[in-house]
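Just the one chain here, laid out as structure tokens, in the form predicted alone.
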Amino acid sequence: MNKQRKTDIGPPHYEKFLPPIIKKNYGKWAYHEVPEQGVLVHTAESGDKLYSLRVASSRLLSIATIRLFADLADKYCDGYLRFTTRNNVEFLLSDGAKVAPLRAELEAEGYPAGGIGNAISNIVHTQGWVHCHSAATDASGVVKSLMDELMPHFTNMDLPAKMRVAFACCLNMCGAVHCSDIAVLGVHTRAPRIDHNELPKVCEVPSLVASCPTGAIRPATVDGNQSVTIEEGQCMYCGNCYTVCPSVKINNPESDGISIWVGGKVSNARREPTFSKLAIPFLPNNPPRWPEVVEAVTGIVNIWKDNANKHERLGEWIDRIGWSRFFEMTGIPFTRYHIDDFTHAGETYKRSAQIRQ
């Protein structure tokens, strides 16, 4: 009797993909060290060593690039590599003698090693204009422009502490930018524009009304057409309406822009994880190189680099010197947009007598 073939098998167990050296020493690693930038060495209690060579990738990878990585992993690492959550590629080697030739081949192909220790790691980012229909700005273009300037901080360990930069194309924050040292966030500043002639031909009004999480969209008759109106005071510019109805256009080249947030982190070393806070409320979309955004981010990085203590993350440095001093040193103007006027914001304020500005 033939056994029934199982189709819903779920994801395979992660152990299936672990390199043999990791399987052998699982849970028995003694320490790790960074002998050179881009290389992390884990030493097990048994004396075995695992070498991780980290290189940058462009996140949106071509088939040719993936094949290149796979071929190099087969050549040097028995096929073992992994992608980090910030789109770095780590080649996992058990033979330290193979690190240098692998590094040379990767750098010859244009993939520099780095991002370990007191350095800037790869910028995690969202889809941008390549794929996302509601993006307020581009992702790949801004990140490319930023990393062209920040690359020395990726390939060297010359910063006071690690630096994590993230990019999200809109307020939906697919890139989890709220927990990075510097967050670059695309922002819509106007409610969607409605094409009242097109809307009844391509959209269902009840579905469109139901798509709004704040109830800002109302059924209406405009110029004899069944359509909708938007209460701009209730709109939070999420673009959910555009997802179900392309006639409600959230993208606006004149009013869409970029904001800069600082001070977030996931690490719980020295203090608890924190969300980022607003530094610059609006910078213009200025492709293809976004000079205003590049200048703002590199300026913050350089001022922090020159003034922070050893191992002091960006948010920890700001807390030490105070926000007033941060705005003064960076030259960023303080505006009304920096004041949290949310109705229940008081519940999140720190109430300690030791609080600083």
Partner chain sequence: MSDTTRETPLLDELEKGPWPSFIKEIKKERERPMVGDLLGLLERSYGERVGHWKHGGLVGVMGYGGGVIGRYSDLPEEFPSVAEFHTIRVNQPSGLFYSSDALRTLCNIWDKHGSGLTNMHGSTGDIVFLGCRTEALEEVFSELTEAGFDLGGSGSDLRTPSCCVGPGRCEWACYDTLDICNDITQSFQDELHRPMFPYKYKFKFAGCPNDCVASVARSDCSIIGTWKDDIQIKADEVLAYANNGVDIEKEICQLCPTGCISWDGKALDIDNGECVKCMHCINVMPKALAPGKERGATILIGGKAPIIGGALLAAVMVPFIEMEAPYEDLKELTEAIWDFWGEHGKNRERVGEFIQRVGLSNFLDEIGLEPVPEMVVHPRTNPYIFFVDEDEEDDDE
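In this text, rigid core is short for the largest set of C-alphas that superpose within 1.5 Å between two forms. Small disclaimer: the values here were computed from a predicted structure and weren't measured. Numbering follows the first chain given and starts at 1.
One more form of this protein should be noted, the form predicted together with the partner chain, which is absent from this view; the next part is about it.
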Problem - F282: touches the partner chain in the model of the complex, heavy atom cutoff 4.5 angstroms - result: no
* To do: Using the partner position in the model of the complex, report whether R59 sits within 4.5 Å of the partner chain, counting heavy atoms only.
  => yes
* **Close approach of I339 to the partner chain in the model of the complex, 4.5 Å, heavy atom** => no
Contact of N307 with the partner chain in the model of the complex (heavy atom, 4.5 Å): no
Assert contact residue (the partner chain, in the model of the complex, non-hydrogen atom within 4.5 Å, options D95, D71, D158, E204) equals D71
Only hit among G299, G322, P288, P35 for heavy atom within 4.5 Å of the partner chain in the model of the complex is P288
Of the residues spanning 130-144, the ones with some heavy atom within 4.5 Å of the partner chain in the model of the complex are V130, H131, C132, H133, D138, S140, G141, K144
_After core superposition, I'd like to know whether F17 moves between the shown form and the other one (criterion: C-alpha shift of 2 angstroms or more)._
yes
